[in-house]
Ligand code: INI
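Quick heads-up: it's one chain on its own, the form predicted on its own, in structure tokens.
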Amino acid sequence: MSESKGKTFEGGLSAQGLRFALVVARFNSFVTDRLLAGAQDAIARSGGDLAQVDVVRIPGAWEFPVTLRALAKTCRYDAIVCLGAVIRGDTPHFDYVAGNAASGIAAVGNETGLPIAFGVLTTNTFEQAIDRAGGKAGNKGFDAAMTAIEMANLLRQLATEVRS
């Protein structure tokens, strides 16, 4: 394996000095409140100031894209974390909501260049959602916040490198 001659860029895991928006769907709040607690824990454990973290509550996953666009336009945040839970039911509604939320979230991130972490659970059962919101599968809200921290630091580093 040949050794790279170029630089390596990697985002750090310190949230110190970073501003975040945590966008939380109220639908399935028993799950999303746990995801929110996990995201706040990740930011605090990483040296972030929770006074620099805004929580934005929305009705459900369908409302993520329009909310993210509005938040990105403010230029207040280093990263945004989306927290939601879409649980499969007996109708195709799950497919429409989960698919459009995911593609809309990705589109806003690509359009704006703002790191947007995907902490939206898409599960078959309520039990699976609970497992991923602080149960035996960890807390995906925590994981999404750590992704946001890393990406915010990486993009800052890349912006600084381009200017120098």
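Because the structure is predicted, anything quoted here is derived from the model rather than measured. Note that residue numbering begins at 1 and tracks the sequence as displayed.
Keep in mind the form predicted in complex with the ligand is missing from the figure; the text below concerns it.
Enquirer: With the partner left out of view, is I87 within 4.5 angstroms of the ligand in the predicted complex by any non-hydrogen atom?
Expert: Residue-level check for I87: yes, a contact with the ligand.
Enquirer: Taking any heavy atom pair closer than or equal to 4.5 Å as contact, tell me whether V97 reaches the ligand in the predicted complex.
Expert: V97: yes, in contact with the ligand in the predicted complex.
Enquirer: Going by a heavy atom distance of 4.5 Å, is P59 a contact of the ligand in the predicted complex?
Expert: Within the cut-off, so yes.
Enquirer: At the 4.5 Å heavy atom threshold, is A25 in contact with the ligand in the predicted complex?
Expert: Yes, A25 lies within 4.5 Å of the ligand in the predicted complex.
Enquirer: Report the residue, out of D33, D41, E63, D131, that has at least one non-hydrogen atom within 4.5 angstroms of the ligand in the predicted complex.
Expert: Of the listed residues, the single hit is E63.
Enquirer: Just one of 44 to 52, 66 to 74, 25 to 33, 109 to 117 has heavy atoms within 4.5 Å of the ligand in the predicted complex; which?
Expert: Residues of 25 to 33 come within 4.5 Å of the partner.
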